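Listed next as structure tokens is one chain, alone, in the form predicted on its own.
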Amino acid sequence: MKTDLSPRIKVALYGLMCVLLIPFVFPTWWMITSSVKPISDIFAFPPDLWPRRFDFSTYAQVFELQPFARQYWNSAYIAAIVTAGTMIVSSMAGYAFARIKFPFSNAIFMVVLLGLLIPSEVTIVPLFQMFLGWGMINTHWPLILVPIFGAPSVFATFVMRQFFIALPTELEEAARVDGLGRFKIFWIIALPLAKPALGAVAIFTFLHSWNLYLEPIVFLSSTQMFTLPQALTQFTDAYGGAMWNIQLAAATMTAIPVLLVFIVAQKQFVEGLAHTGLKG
């Protein structure tokens, strides 16, 4: 039975939520406002919530000091390819583990899940040696192949498997009566129903690829090939000191796609995790 809260309780709850919101909103607000401040004003104490004077030239300098447009494109197309590839591989693998009976399927799936327990720092040296032998160093291939076929796609496979396990078996039985084969059942019946789970996979895969830092600094050496996390470390003066206002302007532009993806797709993300039984 629903009970309406009194206006005073509602006001108190909204006030409490606003207070709890400050630690999450303030760093982002500080980053955006500091990107248009002179360096001397950035570390003023107490910090200014609103710039005393605006200097938008920092955004132009981002593109003058680095090939930032090219680096932005690098991150964007790599994240798009990795997201699409991971969705394809994880959906097929998750369906196979969930709906196709084959010997030692559960044992093989447990071995696959072990990939979640292996830190990327452990495998980075063998991967470097492997891609060096293939002549792929200072290319974007390692940043594409490793997330799609390596440990980062394991969690996506787990999410998809959990979703497909929950699908009623009557759907497949009805499809077989209609003469559909295994792949058509997956493509026509199961995959369209998996849109919430695919949405969740797409969001966290995109964010993971967009924020990837360790692999780019290992595999890439040319500024033209850099991705955004690596490019952000390059805004330094002649003495190696950080150019904070320019670096924060670049960070602000880097964060825009992440914020947009979260704002637009957070509903699908929550629904996808709810359908797979994963709850925060």
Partner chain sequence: MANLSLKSVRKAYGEASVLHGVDIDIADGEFVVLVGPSGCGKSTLLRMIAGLETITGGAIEIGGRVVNDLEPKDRDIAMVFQNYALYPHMSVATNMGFSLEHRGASKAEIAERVKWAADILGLAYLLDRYPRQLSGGQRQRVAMGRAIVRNPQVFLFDEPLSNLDAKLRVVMRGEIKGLHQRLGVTTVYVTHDQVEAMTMADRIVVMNAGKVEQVGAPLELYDRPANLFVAGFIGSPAMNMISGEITQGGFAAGGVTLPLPAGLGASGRATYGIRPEHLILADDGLAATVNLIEPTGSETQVAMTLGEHSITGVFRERISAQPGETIRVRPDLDAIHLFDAETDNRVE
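Positions refer to the first chain, counted from 1. Please read all numbers here as calculations on a predicted model, not as lab measurements.
One more form of this protein, predicted together with its partner chain, exists but is not displayed; see below.
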{"property": "In the predicted complex, the residue from 144, 180, 84, 76 that sits within 4.5 Å of its partner chain by heavy atoms", "result": "180"}
{"property": "Heavy atom of residue 80 within 4.5 Å of its partner chain in the predicted complex", "result": "no"}
{"property": "Any non-hydrogen atom of residue 107 within 4.5 angstroms of its partner chain in the predicted complex", "result": "no"}
{"property": "In the predicted complex: members of 167-184 within 4.5 Å of its partner chain, any heavy atom", "result": "170, 171, 173, 174, 175, 176, 177, 178, 179, 180, 184"}
